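One chain follows as structure tokens, the form predicted alone.
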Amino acid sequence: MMTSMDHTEIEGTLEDQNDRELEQIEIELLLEGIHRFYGYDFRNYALPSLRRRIWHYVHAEGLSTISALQGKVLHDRECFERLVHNLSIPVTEMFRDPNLFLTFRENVVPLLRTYPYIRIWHAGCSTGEEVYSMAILLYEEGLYDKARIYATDMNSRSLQQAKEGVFDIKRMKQYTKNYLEAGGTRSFSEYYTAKYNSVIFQPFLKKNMIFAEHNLATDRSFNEFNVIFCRNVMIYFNDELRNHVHGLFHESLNHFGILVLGAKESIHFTDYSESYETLDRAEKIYRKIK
């Protein structure tokens, strides 16, 4: 015989299941509305991370449901832009994972010296710390004058900060440490000027940088590159979108072009795994061979 406790447990389980189903429907409708109205496609982002960020923003806007957020986002462009910023901003810092930049300096730079002209794409550049890191590295290796660095992101607010090259002075101690561990050959403070609580990087570092909005989920290839950096971006994508982006990168890299991924990312288990050889397994540096 079923007890009242059994009934309560079953009702609670069914209620939880209904809540989860309703939440998923709300998320799918929100993302579909954003895609159809604004053209930004988050539909193939990994659900657990996306769910946390959406709920964080629901509460930040003083709302109680995802459906309420959908209504506000579709009728308020500024609300939408704040949501995009919330969904797309990753953690970054200059010379993040210093050994990667040291390995790039030692093993990839000699390959770049053989080219008359170098194009590098930082896809998902966020606020630009990685872009300025690359500019400094190329400058120290005598390659910056023949290089163009293309820095793209879908987040217009982050991209604007990257263009300005202004960062919090409190982070310079960590950035200096990273720079030295990455094989830096000068005094890091030579590259920026301190003013109040911020620093601005020297204008000569920006002269060969090109900043542009680009959405990896929906936009096409726009040039041919010798190097593509896309680190800690695809960890937020599901398998379908991840494979799509790898197709975009494969199309955009020239023969023997270099692809650099994040520590938790890999070319393996994609349709393009056979198109690359591994230059450094630990640092996720690959070279396109076909």
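Quick note: we count residues from 1 along the sequence shown, nothing fancier. Since we're looking at a predicted model, the values are computed, not measured.
The following text describes the form predicted in complex with a small molecule, which does not appear among the structures shown.
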Proximity to the small molecule in the predicted complex (heavy atom, within 4.5 Å), stretch among 228 to 236, 62 to 70, 24 to 32, 46 to 54 | 228 to 236
Have a look at A217, I169, L112, L180 for me and say which one sits with a heavy atom within 4.5 Å of the small molecule in the predicted complex.
-> A217
Assert contact residue (the small molecule, in the predicted complex, non-hydrogen atom within 4.5 Å, options I136, V108, I120, M154) equals M154
So in the predicted complex, are T92, S126 and E130 all sitting within 4.5 Å of the small molecule, heavy atoms only?
-> yes
